[in-house]
Structure formats: structure tokens, C-alpha cells
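Listed next as C-alpha cells is one chain, alone, in the form predicted alone.
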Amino acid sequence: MTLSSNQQSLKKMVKGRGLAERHPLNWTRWITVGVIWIVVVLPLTALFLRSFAFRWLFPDILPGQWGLRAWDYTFGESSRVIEALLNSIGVALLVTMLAMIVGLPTARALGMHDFRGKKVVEWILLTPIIVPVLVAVMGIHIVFIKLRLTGTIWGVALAHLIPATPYFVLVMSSVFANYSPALEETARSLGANKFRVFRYVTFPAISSGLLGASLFTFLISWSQYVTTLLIGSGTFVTLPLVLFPFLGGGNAAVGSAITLIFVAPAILVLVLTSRSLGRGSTVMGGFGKI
């Protein structure tokens, strides 16, 4: 009797697993993966093939002739792609650091405290998103000329900081809205100073949200074109400035090669961030080190 009941239980488990495998959520997952492949992977594959194509005529599925002329030009000195790539990375990292310095205290205040004029502050933060970028940049361009910030990395970074900060603050304020300062008070009562409280209590608790906010900030700065064009004055070149002329016309193979370079760091950041968020973060593990 015992063996028979165990066999029946095993059959029920197998049947239940089979039903679970046919659950609509699993079909939804496969449909989502398929859409991602169609929307993201296939265009990138087409760009990859185009970058190596010397001649690709319609209606051929694959290029008729292959070559490295586009990549030779891309990595040549005349294209300024390497210079633009380094400038884009430097500006995006600088903007992310500045957004942390400016945005973390603001987000903590908005997320954890209620005070008079809070709605006004939130609307002011949303202004760079609502107001067209060109209007804001034209307003600060004259000021930056007087301050001699045009054509410099600091001027471009400060200009990028205007549209990037609201996203950083919005993400982090939602993180702090669900954050309890009870552990911080406990750590202070045990003799921890402000640095150790932030290092072992606050930072582990907000690290996932901080990573997501930093990702948004990095990518927003990475893709800025109008602000860089005006504040950079044509002397400070980033990847969008090099890429856009090829998107409007010219050599499609070179444009595809530069596009792949432009997209690659963003994809790398997304992959690394998703893996880090998947691991999660624990507050108590760091709290025990105080």
C-alpha cells in the first residue's frame, strides 16, 4: 500500500509539473524572449553584417562582397571615433558621479520626509524633463561662454546633468520611500560613526536602486546630442556627434560600425547591472561588520 501511494504521489507530481510547464506564464515568457530577439538582436545582426559589407544590393539576403573598409576608417585617426568614445565614457562617468553627489541628499529628503513646499520641489525637478532640451541649453549656453566652460568636459558634463538628475532623483526617492532608518539609529547607538553607518547599513540597503539610477544617468548622458553640440562648441566630440552625420546619409557601412560601438557599452552596462541586481544585496550582512 505504501509503495502504491508513493507511486500515485509521484504521478501527481509529474502531472502537475507538466501542467506547470504548459502554464500561460511560460508561454508569455517565450513570447517576450521572441519579441526581444526580433526588436533587439535582429537589428544588431543586420548592423553587424552591414559593417562588413563592401557591396549589398537589394534583394540579396547577405552582402555580395565583404570587406573591412568601414572598420579601417572607424579606427583611423581621421574618424575621431576613439577620441569620441573616450570622451563619451569620461563625460557619462562624471555625470553619474555628480548626480550621486547632488541627487542622493535630495532623493532622501523627498522620499523619507514630508515638508512644506515638497510638491513645488518635485515640480522643479521635473522641469528639465518637461521643458525642451534645446530651450534649456540655449539658456545656459551664454552663461557657460562667460564662465569659459564651453568646449570643456566640465561644461558638457554640467549640461548633461540637467536632464539626467531628475531621473536619478525620481528613482532614488522611490527607493528611500521604502527605506526604514531604524537600522541606522541602532548602528549609531552601538557607536558607529556616519561613515560606517553609510558603508555598512545605508549603502547595502539602497545599492540595487542606486545601481539602477546610475544606469539611467549613464545612458542619458551617453546619448546626449544637442547639449553636447552646443556646449561642446564642436571642439569636444562624443560618439553621437560622430555618428549622426552617417545616420542622415553617406556611407552606411561606416555608420553601422560606429553604431555598434555606440551601442556596445550600453549593452555591457545593462548586462552587468542585471547580473548585479540578480544577486541582490543584504543589509544584515553588512550590519554585522560594524
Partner chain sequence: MTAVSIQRLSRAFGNEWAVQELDLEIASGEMIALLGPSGCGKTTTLRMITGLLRPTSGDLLFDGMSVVNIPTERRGAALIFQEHLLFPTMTVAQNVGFGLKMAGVNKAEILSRVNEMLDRVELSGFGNRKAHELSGGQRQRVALARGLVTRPKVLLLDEPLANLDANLRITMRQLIRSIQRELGTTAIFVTHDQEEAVMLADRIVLMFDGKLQQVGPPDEFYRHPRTAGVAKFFRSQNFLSGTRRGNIVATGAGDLVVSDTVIDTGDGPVIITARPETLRLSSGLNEQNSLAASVITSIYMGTHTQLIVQLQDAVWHVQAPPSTAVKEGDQIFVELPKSEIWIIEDEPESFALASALNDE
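Positions refer to the first chain, counted from 1. Because the structure is predicted, anything quoted here is derived from the model rather than measured.
From this point on, the text means the form predicted in complex with the partner chain, which you will not see here.
Which of these residues, L104, L93, A136, A187, gets a heavy atom within 4.5 Å of the partner chain in the model of the complex?
Comparing distances to the partner chain in the model of the complex, the residue within 4.5 Å is A187.
Tell me, which of M172, V201, A157, A84 has a heavy atom within 4.5 angstroms of the partner chain in the model of the complex?
Selected option: V201.
Picking from 192 to 200, 72 to 80, 109 to 117, 138 to 146, which part of the chain touches the partner chain in the model of the complex when contact means heavy atoms within 4.5 Å?
Within 4.5 Å of the partner lies stretch 192 to 200.
Using a 4.5 angstroms cut-off on non-hydrogen atoms, would S180 count as touching the partner chain in the model of the complex?
Yes, S180 lies within 4.5 Å of the partner chain in the model of the complex.
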